[in-house]
Each structure stands twice: as C-alpha cells, then as structure tokens.
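The chain below stands alone, shown as structure tokens; this is the form predicted alone.
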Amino acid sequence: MGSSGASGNLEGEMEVDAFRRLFPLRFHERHLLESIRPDARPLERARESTVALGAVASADGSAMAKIGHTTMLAAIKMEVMTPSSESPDEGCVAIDFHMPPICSPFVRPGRPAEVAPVIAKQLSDAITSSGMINLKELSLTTGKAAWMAYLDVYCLDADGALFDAALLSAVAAFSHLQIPAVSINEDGRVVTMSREDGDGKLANDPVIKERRKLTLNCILFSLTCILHKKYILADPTAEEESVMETHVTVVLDSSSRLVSLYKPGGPVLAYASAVQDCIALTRHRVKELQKILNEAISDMEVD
C-alpha cells in the first residue's frame, strides 16, 4: 500500500509538472482563481528579501540584495575626475548593469542580455530624477577636481523583478559608501590617499583627512507588479513574468513620494484604479524594505 501510494503521488506530481510546462498560462490562471500563486504566496505579497552590506572588500561601497532567488551585487568605486565646464562644482555618477551567463539560462555567452541596458537606464533615471545624491557633495575643488562614482550592479540570479533587486542593491551600496580621503600631490593634483600613506609623502595637508559617508537626500525603493485580467501580482518570479506580460514598476522614496512609474507595453491597459492599487502595494513594500535596510546598516555599525 505504501509503495503504491508513493507511486501515485509521484505520477500526480509528474502530471502537474507536465501541465505546467505545456499550458503555463492555464496553470497560473487556475491558481489565480484561488487567489494563490504556485509558490504559495498571496497575490499581493512580495518574496522574502535580504540585504548584506560590504559584500566587496575592495570597493568603496557595496551590497548584496536578494528578493526571493533574484540576487544582485552592487559595487561602487570612487575616482577623481575633472568636472565639466557646465557643472564645475558637481561630481558625477555612472551606472552600469551586468547580466553574466551564470544568472539565467536565457543569457548566452558573448551576447549581452537585451534587458541589461534598459535596467541600467531605469536605475540612472530614478537615482538622478529623485535627487537622491547631491552631486555638489561630490565636488572637491571647484572647476578642478570632483568625484566620479562608478556603480556596477551584477545580476547573479535572474528570477524576476530584476529592477527592484537592482535598485535595492544600489541604494544599499550608496548607504554603505565611504568616500576616500584625498590630498594634493607634488604636482598639485588631487589624489586618493591610501590608508598606508604617511605624512612625509604628501606635499600638503589632506584636502579631506578621513573617509566619510555620503549623505543621501532620500532613499528609493520599488515594486514591480503584473497586471493580468482583474488580478494584480506583486513581485513576480521569472516564470510569472514570462507567462503574463503586462508589468508595472512603481518607484517611491522613503516618504512615499512617487518618483517614477514604468509600464513597458503589454496587452493589459493600466487603468487609474489598477495604478492606484500598485502604488498602494508599493507603499507597503517600502516600509518592509526600509526596515530590512535599516537592520543591515545597524548590523554593519555593530560589526
């Protein structure tokens, strides 16, 4: 009896898996009728998320963020540059997003993922338009020297809601960022000081004598939702995104101010009521992510 029962369960699981592969939309719609998802989440619930600061020891600021299985690693490197004549008292932020083949079976070696530059542009637009970073704080000497912050975000596992995880890792990396100390060398140029530099090696006293934190004007968080018929699914997996193609991404700051709303097409129209529901879900998500980030910062300070 025991072996026959186990055999029956196995056959049932195989039938469900076959149905899931052959008729993915019908499989998910059956779950939607019960207001549940294949991973047992309610429709409006996001996946468990974590943030770890200081993931890259050689970077000036870094963080690893996970939303479900989706994993992002963000690293910031600071370099001294000559500011532009249009903004002589401002630094710059350059953002790049990478999807190596290890992150997904759909990313092929030697062929960059089509979504990578799109996410990089979204990150840049959100961070720039929100005023999260005061670029004047990155100035060293007006018209002569300023900081260029190179932010690189690497996708290690692409299981849906890539922008949400990328933004979370980027914000966490900027929260962890320590701006290096700098001094003026014998040629009169501003250079980064290493921790081993002694007083005898410097032509003048340091311009900035010790590493300092970057002040963030606001903190950004986002939530991607899927619109399918009358349903709204928060924080979709890669499988859900591939089956139900209408996505809406809402970006809010920590004060619940709307920064951006992104809807890249899709067969379902985003009516005002659906957009309002997505924003309401994002407000709730912001509180969750703010708590997770604060705990990560507190843990880092204790260490």
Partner chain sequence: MEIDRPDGRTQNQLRPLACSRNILNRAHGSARWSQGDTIVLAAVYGPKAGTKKNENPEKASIEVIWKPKTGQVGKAEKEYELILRRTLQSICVLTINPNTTTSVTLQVVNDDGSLLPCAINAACAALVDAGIPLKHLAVAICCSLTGSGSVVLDPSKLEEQKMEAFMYLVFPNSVHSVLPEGSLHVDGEPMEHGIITSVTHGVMSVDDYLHCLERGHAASARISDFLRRSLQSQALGNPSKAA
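On a predicted model such as this, the values are computed, not experimentally measured, just so you know. Positions refer to the first chain, counted from 1.
Keep in mind that the form predicted in complex with its partner chain is not shown, yet the notes after this line are about it.
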Taking any heavy atom pair closer than or equal to 4.5 Å as contact, tell me whether residue 108 reaches its partner chain in the predicted complex. yes
is_contact(residue 279, its partner chain) in the predicted complex, heavy atom dist at most 4.5 Å: yes
Would residue 266 show up as a contact with its partner chain in the predicted complex if we use heavy atoms at 4.5 Å? yes
Touches its partner chain in the predicted complex: residue 166 (any heavy atom, 4.5 Å): no
If we check its partner chain in the predicted complex, which of the residues in 254-268 reach within 4.5 angstroms of it by a non-hydrogen atom? 256, 257, 258, 259, 260, 261, 262, 263, 264, 265, 266, 267, 268
